[in-house]
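Okay, so here's just one chain, in structure tokens, the form predicted on its own.
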């Protein structure tokens, strides 16, 4: 294991791969600091460009971006009082009051340092999990793998927040779109409407970009004007770092909370920051959370980056996407010829370990980059949305067309994009649709293999029964935790 880790380190340090990692870091910071964008939008924009790339290069780009999105989202949260992404909501509680006091740089210094430490702890957690998960997952056969896909699909209801039924319907819609084209078990085509283009199915990059990025384009055009005026910046980054060091136990506790929440599919960034914030408020003495306490910035920022390392465990090792971002990451693995699950711990172990190293390096370099560019980069968060649209639109059109080099991609992109916009207006969750689409073919394939090999006896398999119980526990436990975090958010931490 150690030899493989050292080998993966040299692979990651290859100059050509480092360039892609730094490119991903820059994109991740920009996606995080622009209010309205998110990890799902950033991933959907990048997905077409990893097609055909070497796995090490493609993962350097994607993981480099994922690792620092929750570092870049600190800028609008502290400077403007609006969350850059869903994972930076709790940072506003004390970050924005500090900014209004003229201590924005101090708050960002603490936030960036804690994001770096949390991200490194998340990477270490991912590495330490591999030896324990390896013997378990490599023993899985088709019935267990089918139940794992069911576990991933069950996240549709959990990702829907207060509307599990909407999430389930959205997931079923994703399954239907994923069923377009040739069937994996029988020689026939489905839902092609005698169209040659649809015989190969709908392209994953097209669906990902349409369902997430297309609605954002329309929203940016309708919501014109700058978000807010520029907050006053003073020196104090080093002071913020020292604040974090003085509260090292809070940093570590919050990072561990982030890793544990990341392990649970379906919770993700919209929950972890509030749970860490609440835990910090209950454990820190003499606090004045919500009124400009630097510890109110340290707790959520330590947790949201650590969560990424935890969330990669079910995604890479079990093929269970816990969010829209990780669902797109699963699609990225497929485009590069990889498959989440047993192979990531055997034949593709070096790729998995390179992801660990990339996660650690990206968090370190991303935090240092943000510290260096506090003044100039904070101005980008004030660019009016309509001025960003032309750039994003070019990326979307090129990305959609290059998927199969067919005009059908652009037509499907517009149709599914309009569906995504309607879902946004009606407040229907979109991540479950993508999860259903990504897992449609694997679920059907493993189901038919299980039936052909074992008949219906596989239902009595002990591991299958255990996984079914896990699905029930995660759904009920996750719903309770989401309700807690929602109540905590509504009460403002009281």
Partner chain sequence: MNKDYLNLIFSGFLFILFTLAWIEALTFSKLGQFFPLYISIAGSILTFIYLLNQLLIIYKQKKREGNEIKIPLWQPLKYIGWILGYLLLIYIGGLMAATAIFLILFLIFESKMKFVSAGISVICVLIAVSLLSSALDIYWPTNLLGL
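Source: prediction; values computed, not measured. Rigid core here is just the name for the largest C-alpha set that superposes within 1.5 Å across the two forms. Numbering follows the first chain given and starts at 1.
Not pictured, yet referred to below: the form predicted together with the partner chain.
Under a 4.5 angstroms non-hydrogen atom cutoff, the partner chain in the predicted bound form has residue 425 among its neighbouring residues.
Mapping the unseen interface onto this chain, residue 221 counts among the residues with a heavy atom inside 4.5 Å of the partner chain in the predicted bound form. Of the heavy atoms in residue 190, some are within 4.5 Å of the partner chain in the predicted bound form.
By the criterion of a heavy atom within 4.5 Å, residue 410 is counted among the residues contacting the partner chain in the predicted bound form. For the three residues 179, 183 and 214, a heavy atom within 4.5 Å of the partner chain turns up in the predicted bound form in every case. Only one segment in the set 243-251, 292-300, 357-365, 170-178 has any non-hydrogen atom within 4.5 angstroms of the partner chain in the predicted bound form, and it is 170-178. Interface residue among 237, 130, 256, 419 relative to the partner chain in the predicted bound form, by the heavy atom within 4.5 Å criterion: 419. Once you line up the core between the shown form and the other one, the Cα of residue 316 stays within less than 2 Å of where it was. Put the two forms on the same core and the Cα of residue 65 is off by less than 2 Å between the shown form and the other one. With the core held fixed, the Cα of residue 451 is displaced between the shown form and the other one by 2 Å or more. Relative to this form, in the predicted bound form the C-alpha atoms of residue 122 and residue 146 approach one another by 3 angstroms or more.
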